[in-house]
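Given next, in structure tokens, is a single chain: the form predicted on its own.
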Amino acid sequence: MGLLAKRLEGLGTENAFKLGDDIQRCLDRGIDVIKFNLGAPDFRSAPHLNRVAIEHLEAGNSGYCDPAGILPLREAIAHHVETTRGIEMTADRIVVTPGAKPPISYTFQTYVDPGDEVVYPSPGFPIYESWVTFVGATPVPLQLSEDRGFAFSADDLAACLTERTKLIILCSPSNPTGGVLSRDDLAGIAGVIRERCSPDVRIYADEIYEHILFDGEKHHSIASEPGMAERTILASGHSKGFAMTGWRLGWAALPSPEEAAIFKQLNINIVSCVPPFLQEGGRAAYEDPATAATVADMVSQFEKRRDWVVPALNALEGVRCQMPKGAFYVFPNVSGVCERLGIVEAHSRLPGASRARATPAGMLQMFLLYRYGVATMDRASFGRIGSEGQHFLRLSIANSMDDIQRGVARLETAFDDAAGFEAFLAEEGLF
């Protein structure tokens, strides 16, 4: 019997946070680091929402509350779901959580047994794959291709489904690619699920970026398709669209009150409840008319940054970058850079264990951070299984335009510095 539980061997991480240790080392060396790693809006939560939370806190609304969430917020969320997805929703099917990550874990704990198959997008939010392996399920990554805008078709999903499929994860708009599933895409996907899956198969619809779409795109949800509302766990929250990352406000809309009661029970066992004064601010995000203009202004700024950074990246030798339709990330293909700097060849020379842990894009990521002060994320940070040979970086454009422009200028210099990369390998000993 060892000290640690064996299941911890299957627990992954989110490298956007894990990279913080490396960033701190660079800061301690006096390096000015431009942080493209975290998906956190550089906007602050709106003053009209802050005032509501402050008023409730000062009024003493700081005790325990309903573990499912205060009723006024759950009613506001239910109304939001009804008006934006066109489906019936009631407060007894809503559970409020500390951020939008808990619904992921609650879904796995509620529906997935060891050996069950879970289909999830790759590249995708890394916590999906982490929970698949942690609960002993069988991972079935649905590989998203660059040449199709990182979307996928009904046929692609059908190829992943078997009689052991228990959970299907969708994320649109997508982290890390910014890909968006159209209404036609979702109609086809829903058709395959109705035809191929039993009613007990659940769809986890991660729609945390529902407010952040570009070029006039509108958000569409799998829950809106016929027969899907009764199969779908719809998850979203306040972090991205309302720039309320530190408030830790997320929610899940469940297919039935009975399933919501299980999520409430998990809240009781893990967090008790979300502070009620924060929930009151979260309610105002849905109910105060001032919110719409605040969100629209933020999305407009993200779109302007996207419109600048994608052509700028495509102008760099060895880089190919798609134009994302939503979220606030760009996901350039850096295969040409990895070849030009000798990173692919250097990776092949690593000892076996080191070669298995590292990737060429990951080596480029560390070179950019330690030598040029640019923090990015590599492809393997968004699903390692099946990602071999895919050389991408994710850059968050939830940064000021000045930082984005300075960062791209540094990338241009770094991508031409083969000698610098060789020196980095020899001096840092990171791999």
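If you're wondering where the values come from, they're calculated on a predicted model, not measured in any experiment. Sequential numbering from 1, following the sequence displayed.
The same protein also has a form predicted together with pyridoxal-5'-phosphate, omitted here; what follows describes it.
- For D22, no non-hydrogen atom is located within 4.5 Å of pyridoxal-5'-phosphate in the model of the complex, even though that partner is not displayed.
- Contact between F331 and pyridoxal-5'-phosphate in the model of the complex is not found at the 4.5 Å heavy atom cutoff.
- Contact check for E14: a heavy atom falls within 4.5 Å of pyridoxal-5'-phosphate in the model of the complex.
- Looking at T107, you'd find every heavy atom of it more than 4.5 angstroms from pyridoxal-5'-phosphate in the model of the complex.
- For the residues S122, S239, N267, S224, the 4.5 Å heavy atom test against pyridoxal-5'-phosphate in the model of the complex is passed only by S239.
- Only one of L213, M89, V112, A100 lies close to pyridoxal-5'-phosphate in the model of the complex, with a heavy atom inside 4.5 Å, and it is A100.
- Screening 167-175, 67-75, 332-340, 306-314 for residues having heavy atoms within 4.5 Å of pyridoxal-5'-phosphate in the model of the complex returns a single hit, 167-175.
- The candidate spot formed by D206, Y209 and R248 is fully in contact with pyridoxal-5'-phosphate in the model of the complex: every one of the three has a heavy atom within 4.5 Å.
- Residues of 390-418 are not found to place any heavy atom within 4.5 Å of pyridoxal-5'-phosphate in the model of the complex.
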